[in-house]
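This document starts with one chain, in the form predicted on its own, laid out as structure tokens.
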Amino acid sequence: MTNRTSLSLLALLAATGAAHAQDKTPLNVVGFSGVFAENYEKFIIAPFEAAHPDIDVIYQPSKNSAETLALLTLQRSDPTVDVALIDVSVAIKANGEGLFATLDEASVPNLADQPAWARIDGDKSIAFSQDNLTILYNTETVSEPPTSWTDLADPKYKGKIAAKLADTRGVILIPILNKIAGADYKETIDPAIEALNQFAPNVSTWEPAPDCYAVVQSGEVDLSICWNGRSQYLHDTQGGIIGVSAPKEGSIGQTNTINLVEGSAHAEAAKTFINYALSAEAQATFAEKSFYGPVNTKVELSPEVATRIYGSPEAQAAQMSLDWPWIATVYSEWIQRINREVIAFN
């Protein structure tokens, strides 16, 4: 992202905050865009503001976590952003640069209900949701939906798959395919690379445009590898053309984190908001409305919601988690291998 783009986003945040009532504490939150932003404002921010009328939350969508990181780096000496929602791998990088402050249970009591894996870098980043990797299919052209990740290699899908894998989707798919092959992703990813090459001939595009959802909905492809939450939402709102298949071998969630920006001018209000966002109430609501997997250990999902997030009982039992701090150390290397040994080769 260019400095001009970063400055524009920073200026917009400052201008928006200044326009709000002086008797309220403005709280600038930067996070994911699109459907996520719409639902987060509706199901998390709105009830929070109703319960805390003295805090005015200003949500600014960001194109991606890399853009958010660039913004936070640019304004680190005088931050305007108070809370950042970003991918876990980027959060770990931001912590290495000292951009986030440490949280504690005294000021954020709901930390106590988060599992150990969700409390990252000494409570500087806290996981609040997971969006599972899944297989999308066009319900008008696919009569028998795929039930396994290995179905991607079926010759009947030749030229009918969209797979943007040179990003977190590929990084998550590697451990899944490794597990199917009986290998440990920390020891080798060769089996996963081999599996990717088995279905690569079926891929018509590694850069679906405008995105992995639209190409399925338009019928350009039969299948796409993408995220569950938005897919479920589009299934419900776009006439059911997009179907969602959670393979029986299970999936892995892309972990989203919530973070207090170091030097925030409204740290106390930020902690109050973070505490609410981590609550069982907030996470259960977001799971039920947006189909993102909750992290709070006190959340109990209905069987229907759990199935739409994680798949069948068999898939739920096979659901995996990753050692994200370790993954952060190999993330770029894995992307390079996908580009070099799979995409370029095919």
Partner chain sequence: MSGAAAPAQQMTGSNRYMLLILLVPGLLALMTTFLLPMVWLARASFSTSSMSAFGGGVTLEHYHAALTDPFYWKVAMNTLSLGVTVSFFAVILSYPIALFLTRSTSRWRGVLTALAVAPLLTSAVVRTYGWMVILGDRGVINSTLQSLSLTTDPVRLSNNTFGATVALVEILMPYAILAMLAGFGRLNPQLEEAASMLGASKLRVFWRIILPLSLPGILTGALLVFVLAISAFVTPRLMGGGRVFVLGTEVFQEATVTLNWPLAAALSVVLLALFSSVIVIYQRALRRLEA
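Because the structure is a prediction, the values reported are computed rather than measured. Numbering follows the first chain given and starts at 1.
The same protein also has a form predicted in complex with the partner chain, omitted here; what follows describes it.
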| item | value |
| --- | --- |
| Answer range among 165 to 173, 149 to 157, 238 to 246, 118 to 126 for contact with the partner chain, defined in the predicted bound form as heavy atoms within 4.5 Å | 165 to 173 |
| Check all three, Leu69, Thr73 and Val90, heavy atom within 4.5 Å of the partner chain in the predicted bound form | yes |
| 4.5 Å heavy atom contact, Ala209 to the partner chain in the predicted bound form | yes |
| Contact flag, Gly219 vs the partner chain in the predicted bound form, heavy atom cut 4.5 Å | yes |
| Non-hydrogen atom contact Val203 with the partner chain in the predicted bound form at 4.5 angstroms | yes |
| Heavy atom of Asp190 within 4.5 Å of the partner chain in the predicted bound form | no |
| The partner chain: the contacting residue among Ile274, Ala94, Val261, Ile135 in the predicted bound form [heavy atom, 4.5 Å] | Ala94 |
| Stretch 327 to 346 - residues with a heavy atom within 4.5 Å of the partner chain in the predicted bound form | Tyr331, Ser332, Ile335, Gln336, Asn339, Arg340, Ile343, Ala344, Asn346 |
